[in-house]
Structure formats: structure tokens, C-alpha cells
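Next up is one chain by itself, shown in C-alpha cells, the form predicted alone.
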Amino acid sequence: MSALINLVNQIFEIEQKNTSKGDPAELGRNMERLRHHLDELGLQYHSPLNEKYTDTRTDCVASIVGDLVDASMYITKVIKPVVFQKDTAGNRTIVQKAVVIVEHRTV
């Protein structure tokens, strides 16, 4: 299983780099195919970028920049995504927590 999670992390990194440099259509199609194949293996991943963060959140391991202010903390960078394993009944279990950077942000 760890080899598959490493594969997910590499795909996620490629996706992040591709997004920051523009999304060439050819690479985007390949990324979607890779995500589809991972889904066939029961693996899904999610980037919590820009989502609200609270210290009760259990799907992330966070490094906090600045002071913790519960009302306005947001995930500003995702180093590793949340990875889920899906069983035959469709239930998802977290097999990797996201590694994120959290900062105070006014909306």
C-alpha cells in the first residue's frame, strides 16, 4: 500500500506544478487518466487548499504560520493531499492525512 500512496503523492506534486505553470490540455488529460486508474484501485485524494482550518480537524497535519485564530484560519499550502481508500461498499477511510500550511486570513 505504501508504494501506491507514494504514487499518489507524486501525481499530486505533478498536478501542483502543472497548475502553477498553466494547464496544457495534453498533460491534463493524462492526469485525469491517472486519477481514474487510482480510483479503480480504490484510492482517491483531495487537496484541502483554501479550506477553513480548525484545530479539531482530523484529516490534516498542520504547520501554523502566525497566531492561531480559530475564526479565520485557512489552509494556504498543501504539501501532501488527503488520501482515501475506498472499500467495496463505497466507504472511505483516510490512509494519509494531508500535510498543510495554515495561516490567518481575512475573507
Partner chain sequence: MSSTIDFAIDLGTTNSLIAKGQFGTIEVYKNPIGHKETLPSVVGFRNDRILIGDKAREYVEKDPENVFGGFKRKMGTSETFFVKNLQAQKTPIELSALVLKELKTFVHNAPAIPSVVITIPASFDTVQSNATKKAGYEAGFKEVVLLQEPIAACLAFANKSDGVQKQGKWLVYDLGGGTFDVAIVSISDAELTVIDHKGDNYLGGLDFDNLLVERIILKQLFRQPHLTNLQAKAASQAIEFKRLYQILLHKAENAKKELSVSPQTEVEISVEDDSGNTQDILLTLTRADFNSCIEDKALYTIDLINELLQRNALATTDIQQVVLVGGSTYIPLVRELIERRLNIGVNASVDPTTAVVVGAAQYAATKRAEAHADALAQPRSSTSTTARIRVKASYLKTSMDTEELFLATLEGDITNIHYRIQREDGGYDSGLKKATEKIREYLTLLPAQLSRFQVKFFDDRNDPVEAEIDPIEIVQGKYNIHGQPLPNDICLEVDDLEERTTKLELIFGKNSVLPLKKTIYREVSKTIYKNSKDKLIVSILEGDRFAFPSTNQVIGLIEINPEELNADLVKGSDLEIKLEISESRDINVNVYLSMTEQEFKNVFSPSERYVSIGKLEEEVDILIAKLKSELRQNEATEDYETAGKLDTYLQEAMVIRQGLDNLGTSLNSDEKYHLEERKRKLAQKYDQLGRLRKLTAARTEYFEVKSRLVYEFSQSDETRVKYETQYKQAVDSEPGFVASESVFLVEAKTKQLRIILNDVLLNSRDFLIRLYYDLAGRSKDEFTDKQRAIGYLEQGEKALERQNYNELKVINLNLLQLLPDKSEYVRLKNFKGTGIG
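Predicted model, so just to flag it, every value in this text is computed and none were measured. Positions refer to the first chain, counted from 1.
Keep in mind the form predicted in complex with its partner chain is missing from the figure; the text below concerns it.
**Q** Taking its partner chain as it sits in the model of the complex, is L41 near enough to touch it, meaning that at least one heavy atom pair lies within 4.5 angstroms?
**A** Contact with its partner chain, no.
**Q** Can you tell me whether N50 touches its partner chain? I mean in the model of the complex, with a 4.5 angstroms heavy atom cut-off.
**A** Heavy-atom contact with its partner chain at 4.5 Å: absent for N50.
**Q** Report whether the minimum heavy atom distance between I101 and its partner chain in the model of the complex is within 4.5 Å.
**A** Answer yes; at least one heavy atom of I101 falls within 4.5 Å of its partner chain in the model of the complex.
**Q** Considering non-hydrogen atoms and a 4.5 Å limit, does its partner chain approach T88 in the model of the complex?
**A** No - in the model of the complex, heavy atoms of T88 and its partner chain never come within 4.5 Å of each other.
**Q** Residue by residue through 27-66, which ones have a non-hydrogen atom no more than 4.5 angstroms from its partner chain in the model of the complex?
**A** Result: R29, E32, R33, H36, Y53, T54, D55, T56, R57, T58, D59, C60, V61, A62, S63, I64, V65, G66.
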